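Next up: a single chain in structure tokens, the form predicted on its own.
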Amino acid sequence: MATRVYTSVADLDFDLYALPRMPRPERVLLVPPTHFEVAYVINPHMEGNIGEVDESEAAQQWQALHEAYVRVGIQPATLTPEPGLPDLVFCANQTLPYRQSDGTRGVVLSHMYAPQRRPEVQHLTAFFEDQGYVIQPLPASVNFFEGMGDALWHPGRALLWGGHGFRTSFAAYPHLSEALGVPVIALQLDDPDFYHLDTCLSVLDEHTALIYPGAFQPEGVRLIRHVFSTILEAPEDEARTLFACNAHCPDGTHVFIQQGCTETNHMLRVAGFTPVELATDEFLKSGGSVFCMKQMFW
């Protein structure tokens, strides 16, 4: 399969609706925050928060997220937390699950940027091996790749959105395009507060995206606007301090989002979505919210 990585609107040579259908994943993996803490600083949100996590509050917030998935008909699977791996709770980052047109399920393993997080990958690998997934390591030529922190499937289509600039190397995307047989739209991230793509882009459904435009170079915003027919722009305060764009829409209707995103929630309702406000304040101290705290799979 030829490599197809797109970095500008002028390069786009495909029709979104002609791409193969890809069903939404219907299962979710969560990792209880038993060992969650801010123990080091690897992003700007962690600054000043070492030792500041309220463990009891974090456990309650995680349980509320678990229950929210159950209420929308998704029974979470859970992975056993590991001592010494406080960020394992952010289980979107260590892998990229995929499903091919013949039904084959596989997972690409991450090359984590921060040394503190690299041991997390083996625990996600073991989980997906038990689920019968084909395991795909990355070649050594790809320095860094952080799974679904930076690589987001377009809902319903075999198209990958790929962020790069802080935690993922651009070199990951030609490999993923060829290995998975899908086009990739690569978006360079510019603001260290938005160090993963999932902090500034939430793909809500096939037609709708929630974004914070200030996190991207201008061409990245043009690419998003070209492909999605409806764009919701989160205000800077809600995007930067409340991680509004780290929301997750598991079913095309409900949007799990950090509580307090008043303007964003209004836009979601007008667009026909149902916001489900959740407290993730303890996890925001480590630079993560709803989307970071789960991994969807088939």
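These numbers come from a predicted model, not from an experiment. One-based numbering along the sequence shown.
Here the subject shifts to the form predicted together with arginine, a form of this protein not shown in this document.
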{"item": "Heavy atom contact within 4.5 Å of arginine in the model of the complex, the stretch among 20-28, 283-291, 5-13, 270-278", "value": "283-291"}
{"item": "Listed residue that, although arginine is not shown, lies within 4.5 Å of it in the model of the complex (heavy atoms), from Ala59, Ala68, Ile231, Ile42", "value": "Ile42"}
{"item": "is_contact(Phe90, arginine) in the model of the complex, heavy atom dist at most 4.5 Å", "value": "yes"}
{"item": "Val53: touches arginine in the model of the complex, heavy atom cutoff 4.5 angstroms", "value": "no"}
{"item": "is_contact(Met46, arginine) in the model of the complex, heavy atom dist at most 4.5 Å", "value": "yes"}
{"item": "4.5 Å heavy atom contact, Thr168 to arginine in the model of the complex", "value": "no"}
{"item": "Contact set, 166-198 vs arginine in the model of the complex - heavy atom within 4.5 angstroms", "value": "Arg167, Tyr195, His196, Asp198"}
